[in-house]
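Below you'll find only one chain, the form predicted on its own, shown as structure tokens.
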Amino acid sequence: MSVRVRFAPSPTGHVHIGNIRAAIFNWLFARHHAGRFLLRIEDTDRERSTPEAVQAILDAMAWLGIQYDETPLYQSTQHPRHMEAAESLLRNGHAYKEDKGGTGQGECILFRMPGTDMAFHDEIKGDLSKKAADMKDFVIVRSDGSPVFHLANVVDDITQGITHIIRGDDHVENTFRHVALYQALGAPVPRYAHLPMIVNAQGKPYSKRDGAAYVGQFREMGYSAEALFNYLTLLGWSPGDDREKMTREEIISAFTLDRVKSAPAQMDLRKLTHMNGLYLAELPLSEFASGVRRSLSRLDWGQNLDEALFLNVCRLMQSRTPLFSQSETWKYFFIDPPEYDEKAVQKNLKKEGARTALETIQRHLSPSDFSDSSIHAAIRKAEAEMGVGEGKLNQALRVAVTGSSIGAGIYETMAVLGAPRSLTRLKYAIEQLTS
């Protein structure tokens, strides 16, 4: 049997990570089995299904490298097929009409459940069953003539020849209805696999209240598409060993449904950010610099930067940058004098001996030899002269030169800034302390 799976989102404006994870798992399953991955846009809600919302889905998939194999199917074009199926069910006694609720506003079409206990095998959850008494007839066509999700979904899956339906476990209850619809329509029942829910630290469904929840947000925050793709594969699935950071080819090779867990998967932004840093550190410098440029382009000071300085800063900061957006804290490399953080100044510069320490450092620094190693040696001499331990002058120097108490190694930072700018900043800080 040739595998055919689908991603069938409803365009609502934003693409939740739970939905895109379902797309990823379907895509991986298809690629692992050399099958076909299809896209269906369930756009029958005309108020919410805007061209912009559809484009958001396409953009998210393109960014994450989730390619579909056939022309996307738009559910709104399938209305005649949906109604043909409803009429067939009516003719065969599997459905009936009813003025539901006695509103007099027209007749609905209801599907007649078979009245027997039902069961199906879930590729993740195992055998699932439900008593006949717990399954009531349900509407498949509204009184206004529009098909309900259950009918449209099943008919479209039949149309597209879907063999495996991999979706969130919030659809488990729907699956009993859908199996009955397949049987009544005389179509082969696909295999079902229901993915575990993505939850927060409290075990509740992960939402925008817990942080970034939409694909677009992660992109804006500076996450790498490869890192997000890799991380989302681990939310409910494991390769069966200790591997976490994996290439796409490795994930495709290892991906099977029997390794998908049925327990909820907890979203951990710190873990994702750490993984993202690993990916950014491995990028060619040119690609890393391009990502940084996109982040800085939104800032007034982040445009028209000196190219040589910019690349040197990127080279220094790449392994220390878990998110592209964190490059927005690099302003001190490019703007003179730097903006001084008042708390850092109070703690490191406005204390007894700070000005003397900076003046001592200033004397030992040589403008003609300004590598990080020579800067390090000069600071060691200043410390020895003042009788303080190694590294004791670093923070005062850092704040004087960068305005901040955090950042890359101060010797490497000063080497990137260069002697003229570093020494000018040091002189400026001393003058401010003197005045």
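Throughout, we count residues from 1 along the sequence that is shown. If you superpose the two forms and keep the largest set of C-alpha atoms that fall within 1.5 Å, you have the rigid core. The shown structure was predicted, so the numbers you read here are calculated from the model rather than taken from an experiment.
Keep in mind the form predicted together with the RNA is missing from the figure; the text below concerns it.
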item	value
Heavy atom of residue 129 within 4.5 Å of the RNA in the predicted complex	yes
Non-hydrogen atom contact residue 341 with the RNA in the predicted complex at 4.5 angstroms	no
4.5 angstroms heavy atom contact with the RNA in the predicted complex for residue 149	yes
The RNA contact in the predicted complex: residue 125, any heavy atom under 4.5 Å	yes
Segment that reaches the RNA in the predicted complex - one of 305-313, 221-229, 170-178, 207-215, heavy atoms within 4.5 Å	170-178
Listed residue that, although the RNA is not shown, lies within 4.5 Å of it in the predicted complex (heavy atoms), from 250, 282, 84, 268	268
The single option of 79, 363, 259, 350 touching the RNA in the predicted complex, heavy atom within 4.5 Å	259
Contact test, all of 32, 69 and 421, partner the RNA in the predicted complex, heavy atom 4.5 Å	no
Sequence-ordered list of residues in 240-260 near the RNA in the predicted complex, where near means a heavy atom within 4.5 Å	240, 242, 244, 259
C-alpha of residue 33 moved at least 2 Å between this form and the one not shown on rigid core	no
C-alpha of residue 344 off by 2 Å or more between this form and the one not shown on rigid core	yes
Threshold 2 Å Cα movement between this form and the one not shown at residue 69, rigid core reference	no
